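Shown here is one chain on its own, the form predicted on its own, set out as structure tokens.
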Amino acid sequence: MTFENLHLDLQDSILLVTMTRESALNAINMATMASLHRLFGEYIPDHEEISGVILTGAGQKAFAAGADIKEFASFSAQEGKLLSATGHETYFLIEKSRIPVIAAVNGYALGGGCELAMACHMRIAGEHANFGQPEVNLGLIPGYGGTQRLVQYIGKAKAIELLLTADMINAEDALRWGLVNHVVPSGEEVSKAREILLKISTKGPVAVRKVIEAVNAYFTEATDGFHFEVESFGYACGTQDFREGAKAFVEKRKPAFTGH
């Protein structure tokens, strides 16, 4: 399976995915979106040896500086709706991934790039990273979930200000407002993400998956997140991993989880 505009590197069960349109500031065109859809919809679910994913952009200037405007500048309303729906479907695949996905934001994360970072479970920002949703400058609104996820992360007041003014925020503001998990020196974004994923890889795989599902349930319409937690807790209690984890705790040793 090939992935246009993406470079894949698997080391120590962690898959590093680099968007490779450096000359276009890694703007997300339709080919990149299709590759992301195949990657998270088909490839990763079929490779159980992958315990975590890092998503980043090539070069030092941008994670992804938005969507590729040239591709849809003349779209009709119906074509625009289809484009947005495709982006939503792809980004939901990332958000609902069975394994943790971390965005290593090494520069500009704007428009569709900011939305892509927000679809990941965590975000590590380089000190020179910038975030924003500048769509109103083009007479548009965010189309890949930006009006929803930005509110979830930083609250309605700040989100609507950024969405209406198209202002960018720097890495320190993003950290203070809760948009990113860590700010690191430029060039250390991937290594910090890898450090976190290696720590997570020592935990129970079933539990990791259920935590992701339970947190997502909080934001899922018509789903009672508390009820989902009850069901998931019960499920985890019946797994071999829990029995191994409890036994290891009593015996004061590291557990040997199998994901079952």
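All residue numbers refer to positions in the sequence shown, first residue = 1. Remember, predicted model here, so these are calculated numbers, not experimental data.
Quick note: we don't show the form predicted together with a small molecule, though the next part is all about it.
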{"item": "Triple contact flag T2, F40 and P100 to the small molecule in the model of the complex, non-hydrogen atom at 4.5 angstroms", "value": "no"}
{"item": "Among the candidates D173, E135, E95, E188, the residue which, in the model of the complex, approaches the small molecule to within 4.5 Å (heavy atoms)", "value": "E135"}
{"item": "Partner-proximal stretch of 45-53, 191-199, 214-222, 58-66 relative to the small molecule in the model of the complex, 4.5 angstroms, heavy atom", "value": "58-66"}
{"item": "Exercise: L140 in contact with the small molecule in the model of the complex, heavy atom 4.5 Å", "value": "yes"}
{"item": "Exercise: L83 in contact with the small molecule in the model of the complex, heavy atom 4.5 Å", "value": "yes"}
{"item": "K70 within 4.5 Å of the small molecule in the model of the complex, heavy atoms", "value": "yes"}
{"item": "Contact flag, L36 vs the small molecule in the model of the complex, heavy atom cut 4.5 Å", "value": "no"}
